[in-house]
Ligand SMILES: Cc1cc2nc3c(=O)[nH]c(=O)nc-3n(C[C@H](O)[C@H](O)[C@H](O)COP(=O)(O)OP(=O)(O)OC[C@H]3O[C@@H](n4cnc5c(N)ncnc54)[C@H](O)[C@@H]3O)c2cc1C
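In the form predicted on its own, a lone chain appears below as structure tokens.
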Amino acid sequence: MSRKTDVLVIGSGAAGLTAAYAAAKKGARVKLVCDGMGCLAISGGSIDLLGYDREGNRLANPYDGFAALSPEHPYSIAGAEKTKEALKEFGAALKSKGYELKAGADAGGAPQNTLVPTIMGTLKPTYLYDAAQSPEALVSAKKVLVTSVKGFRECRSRLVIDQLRRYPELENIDFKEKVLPAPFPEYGRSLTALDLAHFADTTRGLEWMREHLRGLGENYDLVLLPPIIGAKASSPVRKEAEEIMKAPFAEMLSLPPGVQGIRLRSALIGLLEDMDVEFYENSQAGNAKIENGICVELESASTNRRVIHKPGTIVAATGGIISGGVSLKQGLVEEAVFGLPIAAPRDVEEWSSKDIFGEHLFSRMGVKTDNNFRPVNNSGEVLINNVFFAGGTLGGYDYAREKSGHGTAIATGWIAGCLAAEEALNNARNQAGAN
């Protein structure tokens, strides 16, 4: 089976979904090939832009750290203005689906990271977060209620409180804890956040939530909840929570699977369905046919279907080492779909630091690109002219250390998607004119 399309996107994480939407918004016909749900589905769903500088200092304004980034960093290639534009467009698209993100800002309106609590009692600097919530209230609160649910062992309110008290900016807060009863009989296993969130999306679950959250926040400045108030972006209990509890609230970011990430992904999938993006799920991309520096064919294969795509352009957003977009072999590193070589020392011991919390070379391994995110060799020559890379497949940055994962994915995904669409549509018009 052979299929033509303007833009073929590989990957369904934050970068791939963003690229597909950006390309479709430009008017391109878009197909998306993915093998799994992508890292977005296991994430906390907040959009980290740049939380820490190279020395590990926490950044108040994420854009203040851009100037010190290396030239090969994706933000250096994208630039601050295009990154801002991408995040603005991304936020507007989600808002059209009823899922609004809020940007942190200081008293003067300058961009500001917000410290968002996790179920481990740590604080994570993030830039965009669910507008239904108020994590920014934590640092100014006097009384905070930390809740958990009986049987949900991943979130222990007492542990969260003990950990939060370690932060100097929170030392004067009066923390109290509240354990909510389990909503149904014991499973014979520990409850997960996803169990509880899916339950909240049912009629019985909504009734349980309303009953046990009602008035919970009276006499408190903020309520910290486990990530349990619905797995859908449109969950009624998520939108009603502050009114029900009579106080602002914030869900603590979770361990995988990430309920907040699943909400965000569901909103993005809804956007792509509205734009008639065609999905090829549980399919591996490979067997690229390159002619004169152009990828003219790419195969997607699943257990029961093999399709040969003939794309005008391609956006590769397959992730890094963890996601399988970057392949590691003994002394050899390659991009997984096109087999592009990635520079790395032959001695694998040089790939990591002896300091577990230090800078690791393997964290920054990825595809080297030009200023349009097309892959290049060490001399700067473009290797495949109609392929654009985005997200974790790119080299030059350490998203875990920097807290820049989703921000980088969205910025590069948006830019790559727009560039891919523009090139595909221009080529199609030129070809039509020549005929």
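Treat the numbers as computed from the prediction; the structure is a model and nothing was measured. Throughout, we count residues from 1 along the sequence that is shown.
Note that the form predicted in complex with this ligand isn't included here; everything after this is about it.
This ligand in the model of the complex comes within 4.5 Å of a heavy atom belonging to S46.
The closest heavy atom approach of G79 to this ligand in the model of the complex falls outside 4.5 Å.
Within this chain, V382 is remote from the site of this ligand in the model of the complex, having no heavy atom within 4.5 Å. Taking the partner from elsewhere, V33 is found to have a heavy atom lying within 4.5 Å of this ligand in the model of the complex.
Site annotation in the model of the complex: the residue of S363, S323, T118, S235 reaching within 4.5 Å of this ligand with a heavy atom is S323. For the residues T318, S148, N113, T83, the 4.5 Å heavy atom test against this ligand in the model of the complex is passed only by T318. The partner is not drawn, yet in the model of the complex one stretch among 160-168, 279-287, 237-245, 209-217 has residues with heavy atoms inside 4.5 Å of this ligand: 279-287. Interface residues of 243-260, taken as those with a heavy atom within 4.5 Å of this ligand in the model of the complex (partner not displayed), are limited to P256.
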